[in-house]
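Take a look at this single chain, the form predicted alone, given in structure tokens.
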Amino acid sequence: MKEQIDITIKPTMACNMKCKHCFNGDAFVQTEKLNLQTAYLFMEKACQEYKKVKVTFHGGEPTLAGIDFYNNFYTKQRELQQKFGTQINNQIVTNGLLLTNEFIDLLNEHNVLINLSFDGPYNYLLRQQTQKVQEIVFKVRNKGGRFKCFCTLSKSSATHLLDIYNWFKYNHISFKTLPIEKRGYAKNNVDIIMSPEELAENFEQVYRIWLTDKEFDISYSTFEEFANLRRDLQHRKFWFERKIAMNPDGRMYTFGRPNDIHYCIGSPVEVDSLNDCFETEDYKKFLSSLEQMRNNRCPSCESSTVCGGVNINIAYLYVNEPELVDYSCRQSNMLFQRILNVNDEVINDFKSGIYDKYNDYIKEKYAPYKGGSN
């Protein structure tokens, strides 16, 4: 058996909300939901071939498939786990509108990480039904289980990043911040897109506050990733191998974002093994496109060592327009350089024995740099 695979399942591309920035944009069309037997087969092949399987339900809005779809799927998944001894990590990305008490309890029963799209006090800038979703956010939090919010930053909300930070801190909700980029609906709503300079400046200001915030006791995964950045290390491994997504048509694609619709790698009905998908012409063509972009752009970028071309690959998953890929690269580079400068300061403080002012997360993360006494 191979070590690990990540699979994304999209039971529908329909959605019950129309967010101003949605990267899928007009890809949200009414479709039949994914055949449950096809989803079973996809899961079974993954469990047969891999020791660890990470399963993400995405869309469209995945909860539109209905609670029975998930109840049946997770029941079958548990059988497969017992049969093959597979370690399974489940998560779902949802706008939360359909998360009833029963639905939340089902997800918690199966230890599903609930990633709920909600932008804190500025949710109304991009999304609908803010009050209802906020109530659901608090309900999910109060029921326990694995849970965090995906908070999208727009041009207007990014200037209030500290307010957002404090809102999640006060309400004890772990979160991640994701900046809007020029893709999907956002390409036609340019007023919500900030410049790379604005984003980098706002992130740096609040990141500096977080570093010494000893009362911060939740997870802010964006800043935790920032804390890992080093000038001589690639911040994230090349992570496109061993990832497969299934669309509502029952076909499999390279990752599960809009642009990979051009790279179909079969269906679980057609292939004997999921490993065969990684040998298809479309998969090789996909990897070749990524390699070509890295070769063309990365050598001249000052963040090439840190990025390793990963961010240009992420951008390409969403769009194939060169100017939009360039925008994403410029934004990543500016952000990397800002945060690297801050982390250099932290490292120097630890080497000088000045580390008592930092929060516990940073004290642990930077402990190897300690020198002297505080």
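Counting begins at 1, following the sequence as shown. Computed from a prediction, not measured in an experiment: that's the story for all the values here.
Beyond what is shown, the protein has a form predicted together with a small molecule; the following relates to that form.
Legend entry - Region of this chain that lies against the small molecule in the model of the complex, out of 81 to 89, 276 to 284, 146 to 154, 247 to 255 [heavy atom, 4.5 Å]: Residues of 146 to 154 come within 4.5 Å of the partner.
Legend entry - Y361 within 4.5 Å of the small molecule in the model of the complex, heavy atoms: Contact with the small molecule, no.
Legend entry - is_contact(N95, the small molecule) in the model of the complex, heavy atom dist at most 4.5 Å: Looking in the model of the complex, residue contacts with the small molecule include N95, since a heavy atom lies within 4.5 Å.
Inset, instruction - Answer for F23 alone: is it within 4.5 Å of the small molecule in the model of the complex, judged on heavy atom distances? - result: Within the cut-off, so yes.
Legend entry - Partner proximity in the model of the complex: R297 to the small molecule, non-hydrogen atom cutoff 4.5 Å: Close contact is absent here: in the model of the complex, R297 is far from the small molecule, nothing within 4.5 Å, heavy atoms only.
Inset, instruction - Name the residue from H110, R127, K243, H160 that puts a heavy atom within 4.5 Å of the small molecule in the model of the complex. - result: Of the listed residues, the single hit is R127.
Legend entry - Position in contact with the small molecule when the complex is considered in the model of the complex, options H58, R338, K33, K52, heavy atoms within 4.5 Å: Exactly one listed residue reaches within 4.5 Å, namely H58.
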